[in-house]
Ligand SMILES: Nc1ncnc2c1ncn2[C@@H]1O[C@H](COP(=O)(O)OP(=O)(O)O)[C@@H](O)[C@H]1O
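Below you'll find only one chain, the form predicted on its own, shown as structure tokens.
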């Protein structure tokens, strides 16, 4: 058996003790990173270091110290080769409104070094792949937001990259267009055998496409693991919908040494043991409130993100705080 077979698949992106300074400012601090093949979400508030990390990994800027590789290529000496293997779908509008879609995608291919005939053939193929076969000869200025996003995705895929980096790929889309873009990204991973790295403030989208996440905070990697592992490690909670005095109910729960988180009329109580439910009901009687609903809470990625940010002391009140121009560019210990 080969070494790879014994140790598992090699990561597509690695970083070891990666450090980046801008003068006296620390942008990245001792970053150790391994991103596996597949789909990975990149999360973190504005200024966390996401852009700097990816610029370093793509060889666009130099590192202060440390090392890294992308697809086995050294980030310090083989940046141009790394970038030839990457497709990038930016959040901002990077399209020429006067061009037909097929000409825009072909031009993107030629900029990446493809000959005109090859770029033209691939432009037709990828536009069909992203659902724009019948709109190939329409001017981009006539496109809806969903069609613009699909065109940007086609430009990123035209040279058949091994890694696709997507920055807010569903931003501004209606439900139907959003579902199609996410389905296309999943197909790229599951059927195309490519890897997707996705930055988004919409946690449902990250959870829909990605198997793992990397969370960056103040230039450090604070989470690096599968979404399934994160969900399993969150403390079990009972979710209550209270009517007639949620504040009083919260107080009664606290007096019984039960840890509770209140979100309006919704209160989530940490489940300590089998007696937690009976203690909750006793507290409701004392508080003279109605418990309209009680169930075990199933955390989603957004809730996990906010819990982690809260533990780190970050002033993040919701994932809308991630909606900034800085989207892309040591794990939490057990």
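Residue numbers count along the first chain shown, from 1. If you superpose the two forms and keep the largest set of C-alpha atoms that fall within 1.5 Å, you have the rigid core. None of the values given here were measured: they were computed from a predicted structure.
This next part talks about the form predicted together with the ligand, which is not shown.
- Look at 291 to 299, 38 to 46, 263 to 271, 276 to 284: in the predicted complex, residues with non-hydrogen atoms within 4.5 angstroms of the ligand sit in 38 to 46.
- With a 4.5 Å cutoff on heavy atoms, residue 63 does not count as touching the ligand in the predicted complex; it lies far away.
- At a distance threshold of 4.5 angstroms between non-hydrogen atoms, residue 309 is out of contact with the ligand in the predicted complex.
- Contact annotation: residue 27 falls within 4.5 Å of the ligand in the predicted complex, judged by heavy atom distances.
- Using a 4.5 angstroms limit between non-hydrogen atoms, residue 52 touches the ligand in the predicted complex.
- Relative to the superposed core, residue 38 shifts its CA atom by less than 2 Å between the shown form and the other one.
- Residue 219: CA moves 2 Å or more between the shown form and the other one after rigid-core fitting.
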